[in-house]
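This document starts with one chain, in the form predicted alone, laid out as structure tokens.
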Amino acid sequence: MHFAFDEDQLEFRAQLRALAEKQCTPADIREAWASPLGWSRPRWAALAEMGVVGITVSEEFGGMGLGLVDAVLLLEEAGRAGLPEPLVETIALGVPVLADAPGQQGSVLRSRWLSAVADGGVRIAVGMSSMPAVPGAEGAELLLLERDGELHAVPAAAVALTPRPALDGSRRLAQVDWEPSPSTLVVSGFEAEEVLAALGDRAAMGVGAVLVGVADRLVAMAAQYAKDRSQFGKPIGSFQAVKHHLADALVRVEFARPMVYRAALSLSEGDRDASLHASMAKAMASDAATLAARTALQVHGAIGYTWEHDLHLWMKRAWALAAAWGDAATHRARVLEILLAKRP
């Protein structure tokens, strides 16, 4: 099968990169980390004006009406740029759930929330009962929360938040206390099993895309430092051991990237192997980002351990997201389970 992004998709990524280079410098990321939310409302508004926030919202509600294949490049670029805004939770998780919500309740939810998402007025957080804390809950206007196999859409005014420590300064965590009710119920029973399974697959793909971008940035930072830092009268990048470490990390990133793209395509087309592809993507992206972080830290040496150096902004994102929605070991075990179930 031949797969390639078209000119419009590549141009959209280029526009996001240009915006990030102006509005999401390391200094901007540090400023966001020091803020109450961990991200910037003005930058979110700029992303909404560009169409990034509403990319998966249907045109009926003011969005672009595009799919996960269109979004995957933007999520990867968000990781590369270090954008702290909650894009995965909103465009890859929340919007598709609301778009597919069944019955009259689904229609009400779409009318109430999707237009506001597209224009940048609403952020969505997603939490499962297996999660000790929900990322992005503080600052979200709508929370999609699972309890006892049911999925609920809960407005921020109906929850109580208790902040919890977070490794990544832009990925704030909070314990969410709330009470389910018929008015918040989105889906239950067998339908809920399917919706929650699809949500987990989209999360694996979306977080995997961000991880690929993070890993790419870490390798690039390490390679540049290896060119600039000299020892024994030579750039350390000329030493074979350093070259091998960087090459190994880069190869891992290049292998993970097409797996993430494949997962996005499978999810968009309803491929029966979408769950398999999503878990393969998350496992490989988590491994790639973890290796890239370790390699970048080794190449930078002592300076890489300091708060003053920008490296930790991407390393902490890599470590946090590598474990989010299932770490590499969890998804490799799931791949094995799916493949064994296919055996005659």
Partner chain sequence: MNVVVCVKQIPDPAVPGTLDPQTHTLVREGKLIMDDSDAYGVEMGLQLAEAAGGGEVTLVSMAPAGETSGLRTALAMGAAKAILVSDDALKGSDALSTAKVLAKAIERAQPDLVIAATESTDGYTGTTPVQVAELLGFPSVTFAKKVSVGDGRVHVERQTEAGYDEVDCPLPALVTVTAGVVEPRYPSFKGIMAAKSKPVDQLTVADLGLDAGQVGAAGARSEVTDVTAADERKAGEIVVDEGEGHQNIVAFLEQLKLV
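From a predicted model like this one, the values you see are computed outputs, not experimental measurements. Positions refer to the first chain, counted from 1.
In what follows, reference is made to the form predicted in complex with its partner chain, a form of this protein that is not presented.
Since the chain is shown here on its own, which stretch among 57-65, 306-314, 37-45, 282-290 would lie within 4.5 Å of its partner chain in the predicted bound form, judged by heavy atoms?
Result for this chain: 57-65.
Kindly indicate whether Glu141, Arg171 and Ala174 are, all three, within 4.5 angstroms of its partner chain in the predicted bound form, using heavy atoms.
Checking in the predicted bound form: none of Glu141, Arg171 and Ala174 is within 4.5 Å of its partner chain.
Does Gln15 make contact with its partner chain in the predicted bound form, using a 4.5 Å heavy atom cut-off?
Yes, contact at 4.5 Å.
Can you tell me whether Val52 touches its partner chain? I mean in the predicted bound form, with a 4.5 angstroms heavy atom cut-off.
Close contact exists here: in the predicted bound form, Val52 approaches its partner chain to within 4.5 Å, heavy atoms only.
Consider Gln23 of the chain shown here, and say whether it contacts its partner chain in the predicted bound form, taking contact as heavy atoms within 4.5 Å.
Yes, Gln23 is a contact residue.
Is the gap between Leu74 and its partner chain in the predicted bound form 4.5 Å or less for some heavy atom pair?
Yes, Leu74 is a contact residue.
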